[in-house]
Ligand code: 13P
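The chain below stands alone and is given as structure tokens, in the form predicted on its own.
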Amino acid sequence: MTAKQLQEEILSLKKKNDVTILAHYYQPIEIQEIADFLGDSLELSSTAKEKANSEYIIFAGVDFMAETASILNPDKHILIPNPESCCPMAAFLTPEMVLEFKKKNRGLPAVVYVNSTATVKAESDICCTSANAVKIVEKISHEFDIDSVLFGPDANLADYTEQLSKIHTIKMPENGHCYVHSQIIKEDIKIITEKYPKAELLVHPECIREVRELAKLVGSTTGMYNYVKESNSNINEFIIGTEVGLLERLTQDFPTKRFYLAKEKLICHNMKKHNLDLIKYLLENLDDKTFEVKVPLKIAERAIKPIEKMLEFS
């Protein structure tokens, strides 16, 4: 069966069974094409709550994203096509580590990136996204009347936040990172900008500081997408410093513009563990509990508080 035939069957089953499919921008393009909603991780979880009226939601993303959707939508069935699709960056930080950092730095709030597990969120004071991290750190430091915060698990996002907010971020842990974004180095940017001198460089805040400082825009995946969407018509070349899935989406949506990846092989292999066959299987077996993500109530009740606080501050 071809990919096109699989897509057609999925769309038919989706409609018949009244199922909503959410897909992150880093998903393979053939999955993006059959999704009801595309976006960033928290954006999709909020969409599940606000716009998805179906009882069953298939979340094509990594584990922490499905967990967040489950926390925000306790009355819905959140299904992940491949349960082995995990986030290595989220794995850098454990709830025990958060408790140890708080013990050693009494009085400091723990700011946790939404790219973290539910158990880690449950031990934090507030969550943040790559788009609102600076604002969240500024507001929580004002509330606590301090000039330092605990921040994890991504050390590069912590550094970016500290750089803009001037508030010290104690990194939980010191070496937490996204293996896709952190592999981009200054030399890569030098090579690609020399090749495409007219292209504007857009990078994710999970990139290292040397790379961020060369960029026209430092932003989330949605931030980059919107920047291209709203760009002047005479700006038609962009270097994309994030996972290749966003470049594929931009190429489809803006065919008159040209996009170049900041370096080869910017691929999140964990995001790519989903495929059309798995999604079709789910649509035919919605009650297979192997694929359902359900955060235990005691964890969910604690984890939702820092998420709600973030939404209040945003």
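All residue numbers are counted from 1 along the displayed sequence. Given the structure is predicted, the values throughout are model-derived calculations rather than measurements.
Keep in mind that the form predicted in complex with the named molecule is missing from the display, and what follows is about it.
In summary, among the residues S141, T117, T221, N156, the only one with a non-hydrogen atom within 4.5 Å of the named molecule in the model of the complex is T221.
Residue M65 is the only one of I279, A262, I57, M65 with a heavy atom lying within 4.5 Å of the named molecule in the model of the complex.
Residues of just one listed stretch (34-42, 66-74, 248-256, 279-287) have heavy atoms within 4.5 Å of the named molecule in the model of the complex: 34-42.
Residue contact check for F151: none of its heavy atoms lie within 4.5 Å of the named molecule in the model of the complex. Under a 4.5 angstroms non-hydrogen atom cutoff, the named molecule in the model of the complex lacks K121 among its neighbouring residues. Under a 4.5 angstroms non-hydrogen atom cutoff, the named molecule in the model of the complex has S130 among its neighbouring residues.
Contacts between stretch 170-197 and the named molecule, counted in the model of the complex as any heavy atom lying within 4.5 Å, involve H181 alone.
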